[in-house]
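Next up, structure tokens for two forms of one chain, structure 1 and then structure 2.
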Structure 1
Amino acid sequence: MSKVKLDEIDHQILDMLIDNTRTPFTDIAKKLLISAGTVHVRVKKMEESGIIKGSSLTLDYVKLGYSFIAYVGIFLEKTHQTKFVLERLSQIPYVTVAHITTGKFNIFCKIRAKDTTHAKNIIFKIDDIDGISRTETMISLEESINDKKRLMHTIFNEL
């Protein structure tokens, strides 16, 4: 698959949208000294090429009462059970991310819970899924880095 060519204007548009996906195109246009129509056309082009895949909302889960984060490494009895286990994990709303991995675990996932008791119940629910032989859990003490922009700028510099 070929890389999509982006210029400096595209980079700047993406930079502003990563900061706030709700930034009006007119505001972006004013800052970049281009027309809002140009911003619209460029964003549409990046959507059609698959560079932009929708937009998202960032919630403050702590304010919603879900301050506990843990990572669960899952060992499967047999690797052919991966799809089945992922389907069951997707039915647990507190499992927010799951990756098929190499190395120690077959699947590595992130859970978000209200507290340790709630996390324990989620982990027990995960342990009960057929095909899982055991799990290992790591508690997140603090999310210290969550920076999409650094990677984006590195990628832009490589293009």
Structure 2
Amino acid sequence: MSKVKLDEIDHQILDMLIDNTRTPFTDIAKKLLISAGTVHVRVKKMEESGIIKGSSLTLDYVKLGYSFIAYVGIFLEKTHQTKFVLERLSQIPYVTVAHITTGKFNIFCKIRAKDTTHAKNIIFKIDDIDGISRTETMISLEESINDKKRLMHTIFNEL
């Protein structure tokens, strides 16, 4: 769980792979003036140490028919029900993110749905979970920023 030491080379490798996981190691090697074998070894190490947890495609959800996003704040009857409620939430695939939070809500989650009708069904399903006293929904009218890469590039240039 602790922090892992990465040097400048590692950062630059990640910086290139962040934008395109299929960037050939030979290209990375050329740019960083090291051998492809070294890139390979370093990537493998970062995978083993858990820094690199995996890779994923960025898909266009709208084109897949899922254009609805909402955030749902959850109020629990008792906080000791948190674990149970989270387990139930994780059984709903349309709940893509959930956090235990301080502040207004006890749990805070994000849902992706096809449309308002679909979203309504999902929210009703959430409302039905035992231990939840009330929910508050914020509907996204527009996802204006969604950019983890910007943060990553910032982190990798912090050295």
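We call the rigid core the largest set of C-alpha positions that still match within 1.5 Å between the two forms. Not measured: the values here are computed from a predicted model. Sequence positions of structure 1, starting at 1, serve as the residue numbers.
Between the two isolated copies of the chain, the second is the form predicted in complex with the DNA.
Core-superposed comparison between structure 1 and structure 2: CA of K120 displaced by less than 2 Å. Once the core of the two forms is superposed, the Cα of L33 has moved 2.7 Å between structure 1 and structure 2.
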